[in-house]
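Quick heads-up: it's one chain on its own, the form predicted on its own, in C-alpha cells.
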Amino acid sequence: MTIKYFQKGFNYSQDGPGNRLVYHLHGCNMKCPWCSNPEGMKADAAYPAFPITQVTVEDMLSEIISCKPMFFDGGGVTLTGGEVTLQADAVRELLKRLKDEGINTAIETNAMSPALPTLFPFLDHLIMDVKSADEDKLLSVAGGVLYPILKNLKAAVDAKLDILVHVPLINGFNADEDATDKLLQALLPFKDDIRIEFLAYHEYGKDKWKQCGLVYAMENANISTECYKKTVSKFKAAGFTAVRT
C-alpha cells in the first residue's frame, strides 16, 4: 500500500499543536481557484518543478518514527493536501500504525468524502475547511458540496474529536455580511464543540500556478482588516471560540 505526496516538512503550531511533521498528499476533489498548492490538485497531473513522491506506508512510518524526538510541545504528524481522503485506505493504515506507536495524529481535510469518518478512531485532531454555506456558490466556484461537509462535521462532533474549523475569507466569495450570516447559522449547532479560525485571503500560491502552467484567476479577493475583525466579532458574539494559530 502506497501514499503519494508532493511536499513535506516541519511546522510549528499551524497544522495542529506543537512541532509537527506535515505531509501534503497528492490529489484533490475540489477546484478552489485560490489554492496555495495547485501542484497537488490534480491526481493525474505531474509538474517538473514539483515532483511527486510515492512511498509505502511502511517506509513513511519508519521515517516518522525516526523523527519522534522532534515532536515536542504536543507535536506529531499532520496529513494535509491536496485532499487526504482521496488516499483513505493507505491513510487509515498509516494513522492506525502511528497510534500504535503513540504518535499524535492530525489531518486537514475539506471533509466532503464519506470515507472521512473511518479515519476518526485514529485521530487526535481534525482540521476541516468549511469554505462557504452558500451551496450554489460553493459548488460553482470551488467544486464543493455542503451537505456531506456538515454531515461529517456532525459525525466528528459525535466522535468527540478535537475539531478546528478553517474558513478562508475571500472577497467576492464568502466575506460579505449575508455570506457570513449564512455560515454562522450553518455552524451554530456545533458552536460548543468546535474552534473556528478565519484565514484572510492571500496570494501565497500565485507563483506556483504560473510554474504549473495554470491560470491564476483570482482578482480583488483581499479583505480589509475591518472585515476580518467584524467577522470574528460576529462569531464570538454568537458563542463561538475563535482562534488564531
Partner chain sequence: MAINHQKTTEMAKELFREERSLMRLDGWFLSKEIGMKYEHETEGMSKMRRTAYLLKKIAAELPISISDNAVFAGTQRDAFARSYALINPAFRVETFSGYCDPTAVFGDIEPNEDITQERLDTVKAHDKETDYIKELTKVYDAAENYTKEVAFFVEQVTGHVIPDMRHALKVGVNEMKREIEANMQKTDDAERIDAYKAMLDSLDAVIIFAARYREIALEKAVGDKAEQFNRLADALARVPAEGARNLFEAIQSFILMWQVMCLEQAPNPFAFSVGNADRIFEPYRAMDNLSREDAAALFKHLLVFYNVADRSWAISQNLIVGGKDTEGNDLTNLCSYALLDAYYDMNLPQPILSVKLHKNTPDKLYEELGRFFFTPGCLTPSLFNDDSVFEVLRNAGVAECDLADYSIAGCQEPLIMGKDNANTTNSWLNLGKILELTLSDGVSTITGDRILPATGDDAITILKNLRERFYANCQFIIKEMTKSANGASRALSNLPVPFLSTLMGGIQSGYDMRDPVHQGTPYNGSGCLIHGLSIVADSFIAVDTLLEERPEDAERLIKALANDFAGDDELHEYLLGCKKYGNNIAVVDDEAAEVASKVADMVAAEKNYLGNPFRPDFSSPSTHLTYGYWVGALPDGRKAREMMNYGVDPLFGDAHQGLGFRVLSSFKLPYIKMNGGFASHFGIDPNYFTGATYEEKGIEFKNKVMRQFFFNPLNDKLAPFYLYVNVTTPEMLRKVLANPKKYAPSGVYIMRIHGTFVNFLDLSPAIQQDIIKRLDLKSTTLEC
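Keep in mind that this is a model prediction, so the values were computed, not measured. Positions refer to the first chain, counted from 1.
One more form of this protein exists, namely the form predicted in complex with the partner chain; it is left out here, but the text below deals with it.
Colleague: If you check 158, 100, 136, 73 against the partner chain in the predicted complex, which one has a heavy atom within 4.5 Å?
Modeller: Among 158, 100, 136, 73, a heavy atom within 4.5 Å of the partner chain in the predicted complex occurs only for 73.
Colleague: Exactly one residue in 63, 193, 197, 203 has a non-hydrogen atom within 4.5 Å of the partner chain in the predicted complex; which is it?
Modeller: Contact residue from the list: 63.
Colleague: In the predicted complex, which of the stretches 25 to 33, 209 to 217, 180 to 188, 65 to 73 has residues with heavy atoms within 4.5 Å of the partner chain?
Modeller: Of the stretches listed, the one contacting the partner is 65 to 73.
Colleague: Answer with yes or no whether residue 222 is in contact with the partner chain in the predicted complex, where contact means some heavy atom within 4.5 Å.
Modeller: Residue 222 lies outside the contact set for the partner chain.
Colleague: Indicate whether residue 21 is a 4.5 Å heavy atom neighbour of the partner chain in the predicted complex.
Modeller: So residue 21 counts as contacting the partner chain.
Colleague: Would you please decide whether residue 12 lies within 4.5 angstroms of the partner chain in the predicted complex, comparing each non-hydrogen atom pair?
Modeller: Output for residue 12 is yes: heavy atoms within 4.5 Å of the partner chain.
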